[in-house]
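Presented below, as structure tokens, is a lone chain in the form predicted alone.
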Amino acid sequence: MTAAIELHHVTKRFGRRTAVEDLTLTVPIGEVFGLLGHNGAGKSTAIGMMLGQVWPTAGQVRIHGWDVATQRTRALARVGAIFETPAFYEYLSGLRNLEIFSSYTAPVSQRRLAEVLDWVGLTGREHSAVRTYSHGMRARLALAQALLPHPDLLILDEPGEGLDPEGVHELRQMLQRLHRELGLTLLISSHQLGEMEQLCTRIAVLRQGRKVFEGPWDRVQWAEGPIRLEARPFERAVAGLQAVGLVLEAGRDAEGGWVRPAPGITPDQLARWIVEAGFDLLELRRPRQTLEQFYLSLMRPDPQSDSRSDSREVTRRPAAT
């Protein structure tokens, strides 16, 4: 088994409104998978279908190989989730809340309760009433609840919503530790692109209910297009590169020199030629784009992609910067 989550041509309509359209998605086991998109893009609807709380109009959703529609208990047996805003009994302690929530599914031992409270950093405050908890502590308690069933997969819908920067930082470290030490697969939906950039190994982007990108983040963060180059003397080095067909065009801008390599030419090949030709190579780098830059490039208005009759491949290449 290679996939924790599989969506095959899933569509969800609410009356005349299509929330998710023909969505095919794969979350490999062991990934930290980011699900991105603007408000109303269909992220929460997609997560609701993964958790069996929203029924798809068409298509199939499978968790660990089990069909969520027909084998829901088996599909979700080892899944923990934070979906929508977690609600707690304010006058009860954090520990008592966890005891009550676990009784709705399968009671867990006091040892397991203590273990998850320790994982999320609430040991010492587990007997305090939830009404005394800060927003960050409530987020930790929600994560503790998600960890109760010994999950292999965590599905988290906006887990850091409303947290201050310190709380967001702590949550990121906690999720990284869970992934690293427990080997959990994580699917996270969030608007906090800076945090997702640091967390995610793979991302998918939804726009108006349709997928516009899915792929490993480490393959898209290095922008295609011009490569930054500083060589001495610049003009002679560039002329030589063009003469041997390694570079198509070059120039200078506010950030310095740049070249556009010929198809199939790598930065290593450029560096080797420059050095062997006797020029001084001061800098050669491919600009790195942030997740925010990449995301915004996918969100730019595109009349063709907005058309419901558009039959193009939905996976798009990252824009050049």
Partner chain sequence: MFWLHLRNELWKLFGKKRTYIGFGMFLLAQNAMLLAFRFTRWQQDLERLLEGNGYLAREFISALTVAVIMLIPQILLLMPLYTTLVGGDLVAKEAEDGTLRMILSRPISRLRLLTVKWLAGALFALSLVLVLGATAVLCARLWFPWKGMFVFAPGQAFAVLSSEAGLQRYLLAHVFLGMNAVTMLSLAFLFSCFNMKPAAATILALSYLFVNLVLESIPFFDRYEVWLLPHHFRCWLRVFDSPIPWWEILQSQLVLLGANATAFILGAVGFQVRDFKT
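Being a predicted model, the structure only gives us computed values, none of them experimental. Positions refer to the first chain, counted from 1.
The discussion below concerns the form predicted together with the partner chain, not included here.
Undergrad: Although the partner chain is absent from this view, report whether S189 comes within 4.5 Å of it in the model of the complex, heavy atoms only.
TA: S189: no contact with the partner chain in the model of the complex.
Undergrad: Report yes if any heavy atom of L153 sits within 4.5 Å of a heavy atom of the partner chain in the model of the complex; otherwise report no.
TA: No, no contact at 4.5 Å.
Undergrad: In the model of the complex, does Q60 come within 4.5 Å of the partner chain, counting heavy atoms only?
TA: It does not: once the partner chain is placed as it appears in the model of the complex, Q60 has no heavy atom within 4.5 Å of it.
Undergrad: Can you tell me whether S103 touches the partner chain? I mean in the model of the complex, with a 4.5 angstroms heavy atom cut-off.
TA: Contact with the partner chain, yes.
Undergrad: Have a look at 274 to 282, 37 to 45, 23 to 31, 250 to 258 and name the one stretch with heavy atoms inside 4.5 Å of the partner chain in the model of the complex.
TA: Partner-contacting stretch among the options: 37 to 45.
Undergrad: Could you work out which of A81, A237, A139, L117 is the residue within 4.5 angstroms of the partner chain in the model of the complex, going by heavy atoms?
TA: Exactly one residue meets the criterion: A81.
Undergrad: Go through P149, G215, P226, G121 and name the one with a heavy atom inside 4.5 Å of the partner chain in the model of the complex.
TA: Selected residue: P149.
Undergrad: Given a 4.5 Å distance limit between heavy atoms, list every residue of 153 to 171 close to the partner chain in the model of the complex, or none if there are none.
TA: Residue within 4.5 Å: D157, and no other.
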